[in-house]
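A single chain, nothing else alongside it, follows as structure tokens in the form predicted alone.
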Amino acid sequence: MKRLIPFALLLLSPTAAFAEAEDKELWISLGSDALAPLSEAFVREGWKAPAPSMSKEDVVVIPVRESQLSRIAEIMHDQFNRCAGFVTFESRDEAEQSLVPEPLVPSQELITYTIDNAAAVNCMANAVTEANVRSTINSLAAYTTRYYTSTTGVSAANWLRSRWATLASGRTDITTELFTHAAWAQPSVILTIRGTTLPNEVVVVGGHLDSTSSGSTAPGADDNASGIASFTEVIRAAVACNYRPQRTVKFMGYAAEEVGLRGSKEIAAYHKNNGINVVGVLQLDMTNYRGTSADVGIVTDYTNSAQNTFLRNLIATYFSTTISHVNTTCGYACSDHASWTNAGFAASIPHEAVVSQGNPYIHTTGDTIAKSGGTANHALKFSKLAAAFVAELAK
């Protein structure tokens, strides 16, 4: 894949190319409901209030400086419970063009969501363990920060790639790679299980590996070590069950989500621009804090309704007595699924709770596993759901 590099090369100089990067002008798109609160916050910071260059329906485009991205992310979380809640672009033209979403990729209209692969679902769902999910959460949360420009953010990505490679050892049909991004240090991480009979059709399961805060401790145990941990355990279970999907499956840890979905936006664009037939995307972002009585909040905005129904049917078929669900909304660009939706691919995001009642500790030094009771019991439910998604959609 273009721009993927061997693991060892990145270790040589993870941040040297970015150490003296200028505070460049970037452009972001965000929901128009966030413009007034953001402008007020800019004034309080002593910054010039942003002037929209273009708006369309409920989305506006404004210019910002790169140094302002982390503060904008804080505002979007504090005011709207969105993470990040905006999309970052390198140019004004790119940002304005994004206001016209891509139509659904034609091949996706042919997808049928059948549920008839119980043997694979049950094997993987029964193989996942709370201890393994908890271990991955703790390993990622141990980094001081996983911020996208930090040395520890790069180290965390390297660790994740190494962990996935270890889980996949012995399987020649599985590869692990780094997807580098030209504008910042932290790479994204991709593990690919090549499909047996439909290798050109791709199922994606992803979540962001970065955390907030370049200047203080940001363990990000729930946001989003938990999502990464939930599907890392699916990788282990797939190998343990000798699952060999007909369609290709890609597990992705995205860089730089907290500053405008930057990693996933580049990856989704790569797949679209290269004509890669992505038939479905599952996003796991925050899976371990149970803020509501329902286990799963299925996000209904900026997602694909048919695939959302598929998720509900998976729960009804395999987990009716152990996983409850409710619909919820998340707002504009609230996580990486929006990058795939904007590129014309079917994407869904099952959240740890109703979004408005999710983890109140995220984006703080207090985002630790202790705030989720010290276990990964809730995140394990998302491992089971993701296993069913992979087993049934990639079969």
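Residue indices: 1-based, along the sequence shown. These numbers were taken from a predicted model, which means no experiment stands behind them.
Beyond the structure shown, there is the form predicted in complex with a small molecule, which is absent from this document and is the topic of what follows.
> Quick check on this chain: which one of Phe251, Trp184, Phe310, Phe86 has a heavy atom within 4.5 Å of the small molecule in the predicted bound form?
Here the answer is residue option Phe86.
> Counting any heavy atom within 4.5 Å as contact, can you tell me which stretch out of 116-124, 260-268, 149-157, 132-140 lines the small molecule in the predicted bound form?
Contact-bearing stretch, as computed: 260-268.
> So, Ala221 and the small molecule: in the predicted bound form, are they within 4.5 Å at any heavy atom pair?
It does not: once the small molecule is placed as it appears in the predicted bound form, Ala221 has no heavy atom within 4.5 Å of it.
> Tell me, yes or no, whether Tyr361 is in contact with the small molecule in the predicted bound form, where a contact means a heavy atom of each within 4.5 Å.
Because no heavy atom of Tyr361 falls inside 4.5 Å of the small molecule in the predicted bound form, the answer is no.
> Any of the heavy atoms of Val355 lying within 4.5 Å of the small molecule in the predicted bound form?
Val355 belongs to the contact set for the small molecule.
> Can you tell me whether Cys330 touches the small molecule? I mean in the predicted bound form, with a 4.5 angstroms heavy atom cut-off.
Judged by the heavy-atom cut-off of 4.5 Å, Cys330 is in contact with the small molecule in the predicted bound form.
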